[in-house]
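Heads up, the chain below is alone and in the form predicted alone; it's given as structure tokens.
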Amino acid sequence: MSPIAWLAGLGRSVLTLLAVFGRVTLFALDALSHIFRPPFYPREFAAALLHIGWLSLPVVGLTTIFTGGALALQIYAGGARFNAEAVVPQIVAIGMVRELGPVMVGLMIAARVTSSIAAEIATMKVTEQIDALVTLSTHPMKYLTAPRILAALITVPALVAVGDIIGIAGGYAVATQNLGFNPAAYLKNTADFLEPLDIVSSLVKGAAFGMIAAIMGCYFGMHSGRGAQGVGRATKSSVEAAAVLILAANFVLTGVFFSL
């Protein structure tokens, strides 16, 4: 391949990526604008709250409790090389609240909720249910997208808070039962080390990750191809995009909160 052909291919790829980014950005802005404008659909919103929030608690709890326990074991084993085993409570707390809690919850929501939203909306598109909504003078963005995004914005920060607590509890259980830490001293070190900014950053990350997960599910569902292959491709692409954007957003938000 000649250098000119290679550069042309690279240029086409960059332009395609920018076009996709522009379409997703415009879709997100449009979807967010519909959250604050009537009509509202409280039944759809309540169903989304139940699906995104309450039904995600088991997977969030299991993920974070094992993550917290494994983190305590790893920090203890690593700290033993430098006679620094006592830092386990502090590092588990800051690791779960600042990073692992929000990221693990965000990725679980991407795997569970984003895929579900994309598959549901894509199926509705394939079976022409979205066309039926338009025929009935119901705006698809208001009925399908806005309630899910609003529910994710509300419930995912709550899930992150619960996940942080459960993750710290998992580290506490491992440290006190297996590693010989004093329970009261462990809790005191955890509470003394965490700062309000740590908690605020965790909740803000949760809101950002929830918004990304819901928007990606809605976008790829609305823009899916026809047939079963289109539904499968939309579901796969939505999870991939949500996971990558969550990790990228985590990097950006961490820099905003902790590099000042």
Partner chain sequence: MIRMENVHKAFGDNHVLRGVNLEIPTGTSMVIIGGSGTGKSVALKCILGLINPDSGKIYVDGQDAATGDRDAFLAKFGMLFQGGALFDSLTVWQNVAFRLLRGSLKRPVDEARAIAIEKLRRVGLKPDVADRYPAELSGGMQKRVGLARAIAAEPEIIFFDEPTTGLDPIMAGVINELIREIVTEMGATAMTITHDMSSVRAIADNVAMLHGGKIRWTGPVSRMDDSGDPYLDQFIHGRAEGPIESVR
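All values derive from a computational prediction rather than experimental measurement. Positions refer to the first chain, counted from 1.
Keep in mind that the form predicted together with its partner chain is missing from the display, and what follows is about it.
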item: is_contact(Y41, its partner chain) in the predicted complex, heavy atom dist at most 4.5 Å; value: yes
item: A184, heavy atom within 4.5 angstroms of its partner chain in the predicted complex; value: no
item: Q177 within 4.5 Å of its partner chain in the predicted complex, heavy atoms; value: no
item: Touches its partner chain in the predicted complex: M124 (any heavy atom, 4.5 Å); value: yes
item: Full three-residue contact with its partner chain in the predicted complex, heavy atom 4.5 Å, for T135, T138 and Y143; value: yes
item: Segment assignment from 94-102, 149-157, 124-132, 108-116: heavy atom within 4.5 Å of its partner chain in the predicted complex; value: 124-132
